[in-house]
Ligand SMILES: NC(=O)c1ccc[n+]([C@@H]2O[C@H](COP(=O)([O-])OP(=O)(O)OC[C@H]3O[C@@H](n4cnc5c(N)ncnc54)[C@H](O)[C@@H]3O)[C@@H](O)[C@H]2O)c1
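Given as structure tokens, the chain that follows is alone and in the form predicted alone.
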Amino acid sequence: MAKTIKVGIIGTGSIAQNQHMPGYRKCKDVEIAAVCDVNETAAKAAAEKFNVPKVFSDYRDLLALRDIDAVSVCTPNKFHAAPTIAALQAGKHVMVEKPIAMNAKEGLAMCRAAKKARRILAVGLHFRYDENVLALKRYADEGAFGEIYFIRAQALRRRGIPSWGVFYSKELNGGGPLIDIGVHIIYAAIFVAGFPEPTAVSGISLTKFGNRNDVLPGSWGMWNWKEYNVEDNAFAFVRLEGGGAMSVETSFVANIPEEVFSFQVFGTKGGGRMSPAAYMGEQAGTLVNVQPVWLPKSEAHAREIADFIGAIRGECRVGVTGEEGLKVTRIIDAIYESAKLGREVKIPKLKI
């Protein structure tokens, strides 16, 4: 009989209650043993909802529980690094929500802490399990694309500044659409492409709409425009090792005909598109576009939690490693740095 894995939740907001906690409840022989939130009222409400026995307002008290095997860190971005490193040092495995951290310096410290503690550090980049992404990954693994020489990654909303949370705050969130939704599409694209090494970036980061009250909101309603100080659009050209490149386009607000959350890969044998999944190439002397007739419904969050638990038990590989999450954050850091300096910046190789 498998040992029951006891999990703690640090941060009890929407991502914890809508994804992490339901995900753990679906896993066999897993118990959510404790929750923690600086808002003790919110923590108690989450504990009552999920029948969790212990409630804390300081994550250090949760980490002092010797029978906790693993934690999910579901706090705002600014508070990813400290509880993650403390949890790893306390001998706990960690699933931290995306992005891995506010910046690559923090992310590197987290990866090194995991390596030193010999514990798992997983990052909640759930598009690793999106069925469209997995279909393209199968094409890539079979060599159907040949050499991938260009990637176009797009996470574009027409009106999509969240009206909740701290997405408007550079201090708490680290940035706008690039760090919030761009992180997902960049990861999915380089995952399919086999994690090409980025070498240099040229980018721009713009605030054209978010700090105004005369912009029509979408279905999410009006955001905190008075305190909005992150970008609402960011675009970049990323050079990749071996001569390839990737373009990145992200927006919270843009005057475009429709929202786009997809990427394309350009290869010497064929090309691919994420959403909806498609393969473009040559067959029987004919140019063809091939789309799946059917794909399973994506249960991405549940699968990433299941693989995190499976990895703890030694049954499988964790979905997204800390090192993979760090690679994406290094690209995002470089885009912001290039935008600030107004020139291309290099991305040096990194050893963890």
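A quick note: this is a predicted structure, and the numbers were derived from the prediction, not measured. Residue numbers here begin at 1 and follow the sequence given.
Not on display, but discussed next: the form predicted together with the ligand.
Interface membership of Thr12, defined by any non-hydrogen atom within 4.5 Å of the ligand in the model of the complex, is confirmed. Taking the partner from elsewhere, Gly203 is found to have every heavy atom lying beyond 4.5 Å of the ligand in the model of the complex.
Shown alone here, Pro76 lies within 4.5 Å of the ligand in the model of the complex, counting heavy atoms only. A residue is said to contact a partner when one of its heavy atoms sits within 4.5 Å of a partner heavy atom; Val290 fails this definition for the ligand in the model of the complex, lying far away. Here is the short version: of Glu249, Glu97, Asp130, Glu106, the single residue with a heavy atom within 4.5 Å of the ligand in the model of the complex is Glu97.
Contact with the ligand in the model of the complex, defined as a heavy atom within 4.5 Å, holds for exactly one of Cys27, Val38, Leu295, Leu65, namely Val38. Candidate site formed by Lys6, His93 and Arg303: none of these residues places a non-hydrogen atom within 4.5 angstroms of the ligand in the model of the complex.
Contact with the ligand in the model of the complex, judged as any non-hydrogen atom within 4.5 angstroms, is confined among 239-247, 120-128, 106-114, 218-226 to 120-128.
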